[in-house]
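In what follows, one protein chain appears twice in different forms, each by itself as structure tokens: structure 1 and structure 2.
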Structure 1
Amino acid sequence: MEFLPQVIFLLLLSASGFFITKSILRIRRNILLGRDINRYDRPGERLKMMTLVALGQKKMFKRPLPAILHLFVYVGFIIINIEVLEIIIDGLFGTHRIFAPVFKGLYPSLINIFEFLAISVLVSCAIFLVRRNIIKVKRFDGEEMKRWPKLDANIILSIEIFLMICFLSMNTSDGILQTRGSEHYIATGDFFFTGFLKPLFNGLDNSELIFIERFGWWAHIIGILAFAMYVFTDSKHLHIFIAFPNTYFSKLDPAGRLSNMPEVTKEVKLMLNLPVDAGNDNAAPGRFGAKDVQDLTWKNLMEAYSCTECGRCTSQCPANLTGKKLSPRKIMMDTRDRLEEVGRNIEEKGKDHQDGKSLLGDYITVEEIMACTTCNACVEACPVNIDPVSIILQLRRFKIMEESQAPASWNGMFSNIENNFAPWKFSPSDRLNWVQKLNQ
């Protein structure tokens, strides 16, 4: 029975590890349903992009207040992991604060840093909750932000607050137990921040304090394991991991360069009686543009998983700002929802199952994609370099090239370009008539 806590701990750790591994493989499989695209070139530039944007939070700082609060939560998350490592070792070997003898006099300073961050995380998350639910910051609202996405955000913030409360009450009771010379609670030196909380717990006897300390310890680690599993289910919180590969594989070209379709080039050159490059034969055209998630690139799909639904894109979108249905955030959320659905179909009904649904039509409407001005404001605004314009363009290509369903005025523009070599109906022979303006 002596080892029971350790056995339970090991089981919990293994179960969550198993679940997380399975989830990562599922997400990876879903992302790889997308078309191939080469994003393996220029590793130096990519590393730099990832360091600046994901690690360095560069684009977050366009909005300083949320950026600082987010930085606290982010740094808190990373640094407190050192504490989690200690908890895991203690949990497996039945030790207590194994790092104290290792770090000796530095240990309290280390804990003080954790405690400072824990308080910062707690305060930041509380402010975030207020911004979402009381002040109701506009960008957290919107058609796509009802139900699950709204609940998801509140769950994440509440869990983080709960974890920090566990951590702080654990340290407070531990600190008191240390001064009382309780067995097992070795003296590590005073903890600065939870020192202020001691009066709250001073009236309790040792067994009550041990209960609080143990409860805090277990709840903290179980909470973290549960949260880690939660992140990989259907939560926007996945961004904490996937933002790194997502920024690494960013589009490095100028934002204005929209993807080329090499499979079209051969047809065009044959039509114009031009020599066709020999190497161009391998491009067997499947479907022009994208109707469903499998027609998009794996990078588009990775981006869908990277979206944390912050709405910075939508708040900058000229179409959305003037009341059109387009919301770049919804484009990303729909892509992810549809991808998850396709993934579930594969698991439950086999990989060739067709459910008769598609991203364009069942999730994203034509009205939405037609409203995009390709101005790249959404791309510029995204803190993790997501490119909704790329998806919108591919959906438009399907609508135009496969279904020939363009708005009538676009069809007019197309036929003007085809016949008059300008989007307007002017005679090509009049192209130089502007010269008359010069000498008026």
Structure 2
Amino acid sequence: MEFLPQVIFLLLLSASGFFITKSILRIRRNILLGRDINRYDRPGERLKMMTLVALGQKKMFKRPLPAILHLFVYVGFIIINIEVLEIIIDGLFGTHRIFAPVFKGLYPSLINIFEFLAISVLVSCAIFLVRRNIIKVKRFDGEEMKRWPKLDANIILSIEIFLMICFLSMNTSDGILQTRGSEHYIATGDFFFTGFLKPLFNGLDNSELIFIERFGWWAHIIGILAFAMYVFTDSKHLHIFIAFPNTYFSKLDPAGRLSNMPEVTKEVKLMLNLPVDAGNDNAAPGRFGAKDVQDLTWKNLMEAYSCTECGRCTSQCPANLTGKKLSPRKIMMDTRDRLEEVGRNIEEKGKDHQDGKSLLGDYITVEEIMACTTCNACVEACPVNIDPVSIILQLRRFKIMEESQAPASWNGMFSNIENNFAPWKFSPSDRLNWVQKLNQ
């Protein structure tokens, strides 16, 4: 019975580790369903991009207030979890504050930093809840933000508040037990912030304080393990981890530069008797554009998992602002939902199973993709460099090149480009007629 708490802790840690590993492998498999694209060049530029955007939160500060609040939560998440290492070691070996003798006089200062961040996280999360549910900031609303997405955000914020309350309660009762010379609670020095909470606990006897301290300890670590498992299931908070590789593999070319379709490039080269890539000259052309998630690139699919659902993209979209149905956030959420559905089909019915559904049609409508102006305002606004325009363009290409279903006004433009090498209906030979008028 002496080692029962350690055995229970080890079982919980192992179970969460198994579940998280399984979830990571599932997400990796789903992302690799996408088509290949080379994003391994220019490693120096990519590392700089990741450092500035993901680690440095550069694009968040275009809106200072939420950026500062988010920074507290972000830094708190990273720094406070250093303290989790001590909890894990204590849990495995039955020790208590094992780092205190190591850091000696520095230990209370470290705890004070953790407590400051814990209070900052608690206050920030409370403000975020008010902004979402009472003030009702417009960008948190929308057709795609009903039911689960709205509940998901509230669940995460509530869990973070609960974890911080557990952490602060644990330290407060621990501090009092230290001053009373209670066995097992070694003297580490005063904790500044929870020192203000001591009057709330001073009337309790030692057994009650030990119960609160133990409850806070177990609830804090179990909450963190549950939080980690939750994040890797079906939560937007997966961006905490995947934002780093997503920004590293960002598109480094100017946002407005459209990439050629390899299938079309190859056909044109063959038609003009130009050399094509080695080993690719006899391959049958693939599908033009994208109908389902497997037709997108692995980077598109990684971006779907990286979406924070913050709505900055939709709030900057000119089509959405003028009442069109398009929401770049919904494009990314639909892509992720469809990808998860395809992944479940593979697990349950095999990789060759066809469910008769597709991303275009069953999730994203033609009306949505045709409303896009390709201005890239959504790409510029995204705090983790997601590119919804790339997905929209690939869906459009499928609709036009595979199904020949372009708007009538577009067909006229396409015909002019084909015959006149320009979007206008004038012959190329008449293109410089305006110069003659200047000489008259």
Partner chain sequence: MSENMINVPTMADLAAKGLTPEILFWVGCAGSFDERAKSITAAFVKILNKLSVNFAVLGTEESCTGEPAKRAGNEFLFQVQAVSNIEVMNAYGIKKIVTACPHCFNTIKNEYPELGGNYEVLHHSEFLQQLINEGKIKLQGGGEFKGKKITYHDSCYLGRSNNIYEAPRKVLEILDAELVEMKRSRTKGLCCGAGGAQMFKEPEPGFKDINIERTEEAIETGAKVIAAACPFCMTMLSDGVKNKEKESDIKVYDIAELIAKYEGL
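Quick note, the numbers are simply positions in structure 1, starting from 1. Between two forms, the rigid core is defined as the largest C-alpha subset superposing within 1.5 Å. Quantities reported herein were computed from a predicted structural model and do not represent experimental measurements.
In this pair, the copy labelled structure 2 belongs to the form predicted on its own. Taking the rigid core as fixed, one finds a CA shift for N420 of 2 Å or more between structure 1 and structure 2. Once the cores line up, the CA of S429 ends up 2 angstroms or more apart between structure 1 and structure 2.
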